[in-house]
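One chain comes next, on its own, written out as structure tokens in the form predicted alone.
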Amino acid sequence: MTTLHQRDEGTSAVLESRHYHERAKARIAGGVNSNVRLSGSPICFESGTGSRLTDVDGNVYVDYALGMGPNILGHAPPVVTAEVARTLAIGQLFAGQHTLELELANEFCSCIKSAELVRFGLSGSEMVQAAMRVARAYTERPEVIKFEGHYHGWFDNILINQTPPVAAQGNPIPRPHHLQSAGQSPHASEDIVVLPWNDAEAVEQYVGANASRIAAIITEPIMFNTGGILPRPGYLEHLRRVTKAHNIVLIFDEVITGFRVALGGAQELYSIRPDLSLFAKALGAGFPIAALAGRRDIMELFASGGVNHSGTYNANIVSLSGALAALRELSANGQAAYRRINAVGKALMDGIVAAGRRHGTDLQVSGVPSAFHTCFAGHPIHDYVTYSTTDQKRLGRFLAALLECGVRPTSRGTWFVSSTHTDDDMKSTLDAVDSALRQVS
């Protein structure tokens, strides 16, 4: 196996990738098809198997980006790809129903205890819109509360305050709106209220004064789009109590956490039952699928036709078969896949923390074994404001050094672990962490 850290050529080790990127920019805007990829190294990959990726230059990487989280069973998992291949001859789209829809719905609802009814779509961004729409219809109220630093898709009405400037005077509540993209309509998010996360008092204060206008609170149960920040003890329980008391719909955005942190998602980890939940990423183990699920009385509003949720490619055969195979594999042998993921992930977290101490750095690791985040900070991190003061330049150097050693977390410092990561992967990764910290220090 050839890895970057076995080479002496430096940047020439990805020469063909760089040539590809220049050619791609002539035909593809920015050379990429998602703006998230603009910030990463312009590496062109040729193939992926298990925990490894190979680029067009022949370099092999231990991959912890995993497609930004979906590949919980590794790249090209045979149990999933074989099932998808088996269904290809059946057809792909019927503009009608197929029995796989009910098979997957039954499997899905057996895993997610809050799911009385489910609808399938293709992306988390899309299902966020469906969730907010049905919550407004159910409550007949306009406002939705979201939290600073959380990401719920790229649509105009919700793409606000993921990376806002830190307020200078007293961090006002609610936060002023910060649009994340040129071209966003400033009016589309008028019904969105932004509060700081992990702050029970802020929620109590705003909801207490404005409950009659609030349709829903939407939250990542673990703040993975910014720093892998865990909820403070009792915080999610507080959200549940407040929303129940005021007939507000509690929406868990489990696009990242769903089927990754546990078979039943973060709601299983924290024993919280939200009214609605969103899922994507790990649900399809690499195939495009998303879901909105929750209480029957709310979800039935789609069944009446009164609340629209549509999509030509919803419940296509490829996505259904991939997700069904993935859920069955994750459930198999007493959830053996999760035991493997959690064992490797915990060893990695512990090893990275130990390496940081050996080198005398302020390297922090936060999250859970299946998904965690690394950053440099000399203070506790519990929300966006405290995360915003971490040393991003040093993190960038650390991640670049890891990539040179053939280890690939995401470009923002999040690590996803798959059931195919091995003890050898773990050892070579911790060796790379040691080497990278020597350079950063």
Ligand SMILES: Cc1ncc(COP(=O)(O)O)c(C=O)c1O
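Residue numbers run from 1 along the displayed sequence. Just so it is clear, the model here is predicted, and its values are computed rather than measured.
Beyond what is shown, the protein has a form predicted in complex with the ligand; the following relates to that form.
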Heavy atom distance at most 4.5 Å to the ligand in the model of the complex, all of Glu148, Pro165 and Thr226:
no
Interface membership of Pro369, the ligand in the model of the complex, 4.5 Å heavy atom rule
no
Does at least one non-hydrogen atom of Gly345 fall within 4.5 angstroms of the ligand in the model of the complex?
no
With a cut-off of 4.5 Å between heavy atoms, is Gly153 one of the residues that contacts the ligand in the model of the complex?
yes
Using a 4.5 Å heavy atom cut-off, state whether Ala282 contacts the ligand in the model of the complex.
no
Proximity to the ligand in the model of the complex, single hit among Gln184, Asn210, Ser123, Ser331 (heavy atom within 4.5 Å)
Ser123
Sort through Glu143, Asp199, Glu220, Asp275 and report the residue having a heavy atom within 4.5 Å of the ligand in the model of the complex.
Glu220
Heavy atom contact within 4.5 Å of the ligand in the model of the complex, the stretch among 229 to 237, 255 to 263, 349 to 357, 295 to 303:
255 to 263
